[in-house]
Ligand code: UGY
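There is one chain below, alone, in structure tokens, taken in the form predicted on its own.
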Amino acid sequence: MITRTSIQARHALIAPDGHVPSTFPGWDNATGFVMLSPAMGAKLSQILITFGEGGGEARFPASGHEHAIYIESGHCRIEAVGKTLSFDKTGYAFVPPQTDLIIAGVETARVTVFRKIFEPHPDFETPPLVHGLPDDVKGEPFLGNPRAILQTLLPIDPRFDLAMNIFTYQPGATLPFVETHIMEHGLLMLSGQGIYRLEDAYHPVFAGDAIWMAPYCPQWFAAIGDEPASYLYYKDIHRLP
């Protein structure tokens, strides 16, 4: 059998053809696909959640973990911090640590969750619950390039130790250089296709692919094909090493 999936010591590409479902205590008619986790050397987990016929619920008990959530499709409900948030199609939320979290969705819903242990800072309070719609977030040209647009979903605020962004490229647009940095990435291809360089390997990537990049993994992306290419990504920020 042939697969594009590639697992290396400091990067990984997980193609949809290799997805294996998991079930967890307290989940009702919901399935998790653990794309990335500390088992592979990452400091975060990236989990795709789908729901069975009639809908279901995924529960995350209060712990030291924080959660950045992206609703890819389908009606979804998030319950946390005494609030109930409803999304009719796409949406996003940040849920702080020490919070019981419920993610409920209809059969057509797909939700990606970035989960990691929160790193507190002595000078700042724990960040609050945040939520919104990607369509309401203004995109900015990346380094002045109008063909590469960056949407910053969470506040640029030192209380947060993570960021969740969407990058959209017009066909032929690229990252302007090979990035090499201390931040770790978890990534989900949302639409389109492209070529992703991870260290010295070049991978064709498509919607539904998940990617892990360890700190200092050289990385570069080029959008190819006739349609724009878009991906969602996580990175850790605002904390000294």
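Since we're looking at a predicted model, the values are computed, not measured. Numbers follow the displayed sequence, beginning with 1.
Heads up, the form predicted together with the named molecule isn't pictured, but that's what we're talking about next.
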> So which of Phe87, Phe167, Phe94, Phe118 reaches within 4.5 angstroms of the named molecule in the predicted complex, heavy atom to heavy atom?
Replying inline: Phe167
>> Phe142, Tyr196 and Gln219 - do all three of these have some heavy atom no more than 4.5 Å from the named molecule in the predicted complex?
In response: yes
> Heavy atoms within 4.5 Å of the named molecule in the predicted complex: does His185 have any?
Replying inline: yes
>> Can you work out whether Asp28 and the named molecule are in contact in the predicted complex, taking contact to mean some heavy atom pair no more than 4.5 Å apart?
In response: no
> With the cut-off set at 4.5 Å between non-hydrogen atoms, does His181 touch the named molecule in the predicted complex?
Replying inline: yes
>> Met213 versus the named molecule, in the predicted complex: is there a non-hydrogen atom within 4.5 Å?
In response: yes
> Which of these stretches, 29-37, 60-68, 42-50, 171-179, has heavy atoms within 4.5 Å of the named molecule in the predicted complex?
Replying inline: 171-179
> Even though the chain is shown alone, can you say which residues of 213-241 have a heavy atom within 4.5 Å of the named molecule in the predicted complex?
Replying inline: Met213, Gln219, Tyr231, Tyr233, Lys235
